[in-house]
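Only one chain is shown below, in structure tokens, and it's the form predicted on its own.
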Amino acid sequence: MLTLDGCRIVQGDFALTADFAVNAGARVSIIGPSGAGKSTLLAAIAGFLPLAGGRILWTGKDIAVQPPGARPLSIIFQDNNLFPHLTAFQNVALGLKPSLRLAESEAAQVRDALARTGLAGLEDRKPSELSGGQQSRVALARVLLRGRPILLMDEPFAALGPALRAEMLDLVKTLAAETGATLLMVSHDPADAKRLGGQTVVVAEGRAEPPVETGLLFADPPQVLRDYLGD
């Protein structure tokens, strides 16, 4: 279980609080107005922003005291964090061994991750030779190979068209189910949350609310969500 225990995040005049838990293996969307703190919440969980108070617990252990690289998570940003001078194979292999000096068994793991994300045959292409959707698949293959139990995604498909975004969301759901990863995904689009299913956290007015089953939330949204949706 991922628990945000009385967390408070402060950046200048901005403050965000979060006090809730997410079950292991859950799929959670994070939505809310621009500037409300959605990305800030992920950055704090990932360790890129310090907490002004509270704890972040994973299976009962406080990970807020750990540096980002030691935390049991992977994160994907909108730009996918791909290295333009490396091939798809090499970008994925970074998730396994940063030196890129792979044994044959490790290379086989990279090829398997590429195949599972629909990239078989594209191993030697660089990011500039891949479509936006294919670049997103490379980023997914890399985190799949890392095998961390928590996956954070910060609007990873915002630049994609509706059909391709839906396809990528379905792939994420499939991979999360296969690996048992706990998924938290920021999106500005309520349709993404509905497609992902699971639960949704609303971030607004300085607070990240506890997760609610997504279908129930949109069937009877609170006023803050109605304001955001324009209802």
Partner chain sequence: MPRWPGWIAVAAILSLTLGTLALVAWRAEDSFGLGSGLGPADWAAVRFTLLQATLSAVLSVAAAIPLARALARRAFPGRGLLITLLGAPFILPVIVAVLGLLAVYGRNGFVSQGLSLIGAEPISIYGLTGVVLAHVFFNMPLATRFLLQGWLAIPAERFRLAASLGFSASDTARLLEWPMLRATVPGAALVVFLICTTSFAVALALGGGPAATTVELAIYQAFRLEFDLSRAAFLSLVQVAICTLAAALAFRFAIPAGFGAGLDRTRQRWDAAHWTLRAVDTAAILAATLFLLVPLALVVARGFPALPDLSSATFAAAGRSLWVAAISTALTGITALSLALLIQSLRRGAQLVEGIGYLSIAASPLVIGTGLFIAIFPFASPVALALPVTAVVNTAMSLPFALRALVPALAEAEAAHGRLADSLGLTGWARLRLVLLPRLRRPLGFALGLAAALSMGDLGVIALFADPSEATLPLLLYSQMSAYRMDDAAASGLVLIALSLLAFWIFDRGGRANAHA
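Numbering follows the first chain given and starts at 1. What you see is a predicted model, and the numbers here were worked out from it, not measured in a lab.
There is another form of this protein, the form predicted together with its partner chain, and it is not shown here; the text below is about that form.
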Given a 4.5 Å cut-off on heavy atoms, tell me which of 104-112, 85-93, 130-138, 117-125 is the interface stretch with its partner chain in the predicted complex.
85-93
Contact between G161 and its partner chain in the predicted complex at 4.5 Å, heavy atoms?
no
If we define contact as a non-hydrogen atom of the residue within 4.5 angstroms of the partner, is G69 a contact of its partner chain in the predicted complex?
yes
Report yes if any heavy atom of I75 sits within 4.5 Å of a heavy atom of its partner chain in the predicted complex; otherwise report no.
yes
I'd like to know whether G198 contacts its partner chain in the predicted complex, with contact meaning heavy atoms within 4.5 angstroms.
no
Stretch 107-145 - residues with a heavy atom within 4.5 Å of its partner chain in the predicted complex:
R142
